[in-house]
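Encoded as structure tokens, the following chain is the form predicted alone, with no partner shown.
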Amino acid sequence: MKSYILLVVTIFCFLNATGQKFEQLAKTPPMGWNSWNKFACNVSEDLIMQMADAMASSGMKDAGYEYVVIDDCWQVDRDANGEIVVDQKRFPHGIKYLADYIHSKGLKFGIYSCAGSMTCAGRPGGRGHEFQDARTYARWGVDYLKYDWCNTTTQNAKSSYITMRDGLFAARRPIVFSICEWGTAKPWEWGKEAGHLWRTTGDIVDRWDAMISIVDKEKDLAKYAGPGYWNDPDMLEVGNGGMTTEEYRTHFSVWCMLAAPLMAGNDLKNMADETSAILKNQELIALDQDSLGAQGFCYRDNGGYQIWIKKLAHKEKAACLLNRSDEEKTVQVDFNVLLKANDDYWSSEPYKLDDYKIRDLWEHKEVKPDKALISIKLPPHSVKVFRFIKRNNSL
């Protein structure tokens, strides 16, 4: 009996210790790059190494992007022992070699699998091999796991992801766990128990209407996000060609207001200057990575025009004016109203507009209006993003 109790206590202490490691990850939304949006199944060792090189040399790493993630199609089979088999033609040196190369660049390495029997591209999934795969990923040096939801038939989502979580705990390597369940089982209600981020919708598509429809589904989810646990509206399409530069600025701005993971999905080796400027906008990234970890919320919705507010650390705040319509809009903006939005957060101390600098985060300059109420023109599908910075604070 004593031996049994000792075993139970040992297992409990082990899981508790590994769980603590798990909870120290992703204190701000993960930033990185994923292969799927641009390259789909056309992945290889050479391609991923080139993207790692480009992330390090292009300024993306310096801007905060750190994970290089291979999505689907790196795996082809399982061997007689059930071990996942890597496509040797595309990854001739194996995955550990690739992970070591990415780590040598000061970056972190991510990989993809699926909770079902097969991945979305029909490759071997993780069902029934969760603990085995977790040990393999830990041995390879994986830092981030995206876990999809294809070919799951009657599986229970929460149980399936917790099983994989337990496998990661047992493997004893801290790995950020990305739940890619598409929002069908409301993962925001249980995701904290299983992982660090959870997809809230189906896949993004590189079109304005598809992107903005995802934004609509985030409006009521802010209360579920915070340091270590994030709503994930899917990866970025910035630079992939399906939207205008203005629309990509809006896409990036709203993701930052939502405290969303910022996983670039373009060809990092061949970025246009406009794409680079969007993805490396440090003032927008600072909103996304703010230590308070508050997801922005829709403060005002007038159909084609919305105001989104994001609370920030040090009693600061950001406001995003979003023109969703197909026509230019002239809007009346009262900075006093924007500053006072969500009064419960500010009620602990008096506040005055004079105590704040107003910063335009795309123009990269301070706004000094003659009066609090001004008119602003917003082109179709565009945003204005302002930050209220306390005058005794510095960014």
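When you see a residue number, it is the position in the sequence shown, counting from 1. Just so you know, these numbers come straight off a predicted model, no measurement behind them.
Not on display, but discussed next: the form predicted together with a small molecule.
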Legend entry - Interface membership of Leu268, the small molecule in the predicted complex, 4.5 Å heavy atom rule: no
Inset, instruction - Answer with yes or no whether Asp72 is in contact with the small molecule in the predicted complex, where contact means some heavy atom within 4.5 Å. - result: yes
Inset, instruction - Flag Ala170 as yes or no: does it have a non-hydrogen atom within 4.5 angstroms of any non-hydrogen atom of the small molecule in the predicted complex? - result: no
Inset, instruction - Would you please decide whether Trp36 lies within 4.5 angstroms of the small molecule in the predicted complex, comparing each non-hydrogen atom pair? - result: yes
Inset, instruction - Would you check whether the small molecule, in the predicted complex, lies within 4.5 angstroms of a non-hydrogen atom from each of His196, Leu221 and Leu258? - result: no
Legend entry - Interface segment, criterion being heavy atoms within 4.5 Å of the small molecule in the predicted complex, picked from 198-206, 298-306, 131-139, 285-293: 198-206
Legend entry - the small molecule: the contacting residue among Leu312, Cys120, Val86, Leu321 in the predicted complex [heavy atom, 4.5 Å]: Cys120
Legend entry - Of Trp182, Trp190, Phe91, Tyr229, the one that lies within 4.5 Å of the small molecule in the predicted complex (heavy atoms): Trp182
